[in-house]
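A single chain, nothing else alongside it, follows as structure tokens in the form predicted on its own.
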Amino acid sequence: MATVVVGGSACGEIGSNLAKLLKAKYFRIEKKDFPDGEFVVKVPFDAKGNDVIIVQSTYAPQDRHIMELIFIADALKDMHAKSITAVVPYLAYMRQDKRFLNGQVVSSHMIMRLLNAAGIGRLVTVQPHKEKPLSLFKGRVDSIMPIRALMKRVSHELSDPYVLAPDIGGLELAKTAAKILGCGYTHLDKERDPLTGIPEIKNKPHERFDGKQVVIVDDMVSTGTTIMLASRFAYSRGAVEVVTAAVHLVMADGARHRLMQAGVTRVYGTDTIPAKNAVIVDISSEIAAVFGKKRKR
């Protein structure tokens, strides 16, 4: 019996890196696309009796990547794998953990039910947007917070940092980042217009950032609008440079332009999602640590 790592089409380099760290065999899934948009996957090894780790992120196109994960797990279940673990670096559909309007699906709950039904016994993910839905997963859950790895990279390139959270929800993350960097921190209060969804800054803090390199930290950069507002605020209070560090660089259409327009000079992120023009931190060792392997220092 052995541990085998199988990488889906959206695993990036994490799959092969994780296999090396775990000293496990590594395979890439075989996938065939059909003209109508459907696809089929094939597990290219005998999974019977083996502990199998699937590595598959679920960034855009989210639906296809999620279905691929489910297909792989179901195939492994049919092949009588001893255990099935899903490493999902970016876990999609975690924003909505309650029903805001009648008739809405609670998408995060549905994802947990899908993972359970596919026979996945353990889930490993990285900084989900909401933690609460993970309680619906029936097996063991490991939620990795890679802020230390991110800040270690940031610390090599900034001489006088100050951490800024773009909203109250990011305050704990900012506090942790500031402790690692050995600097001060604060946060903005953000409200979204109920009709347009456009964020606005409310109750601005009194701190000034004269001569500071402000690090805006968040769990993800999606449209970039929130980071844009925070960057402009930082410059208005004397910052000499603004960078952003986020775990997941979703970077929806227009995000890069918004950040550049707001004066963000560098974007730091992890390899949970492929990203261009960014400083990327490999978190394979952070993931390996939950399987009993020590992190790289």
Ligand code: R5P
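These numbers come from a predicted model, not from an experiment. For every residue, the number given is its place in the sequence shown, counted from 1.
Missing here is the form predicted together with the ligand; even so, the following discussion is about that form.
In the predicted bound form, is there a heavy atom of the ligand that lies within 4.5 Å of any heavy atom of residue 116, even though the partner is absent here?
Residue 116: no, not in contact with the ligand in the predicted bound form.
Are any of the heavy atoms in residue 161 no more than 4.5 Å from a heavy atom of the ligand in the predicted bound form?
Answer no; every heavy atom of residue 161 is more than 4.5 Å from the ligand in the predicted bound form.
Indicate whether the ligand has at least one heavy atom within 4.5 Å of a heavy atom of residue 167 in the predicted bound form.
Within the cut-off, so yes.
Decide whether residue 80 counts as a contact residue for the ligand in the predicted bound form under a heavy atom distance cut-off of 4.5 Å.
No.
Identify, from the list 122, 109, 187, 129, the residue with a heavy atom within 4.5 Å of the ligand in the predicted bound form.
None of the others qualify; the residue that does is 129.
Within 4.5 Å, heavy atoms only, which of 153, 204, 95, 98 is in contact with the ligand in the predicted bound form?
Contact with the ligand in the predicted bound form is made by 95 alone.
I need the one stretch from 132-140, 216-224, 98-106, 81-89 whose residues put non-hydrogen atoms within 4.5 angstroms of the ligand in the predicted bound form.
Partner-contacting stretch among the options: 216-224.
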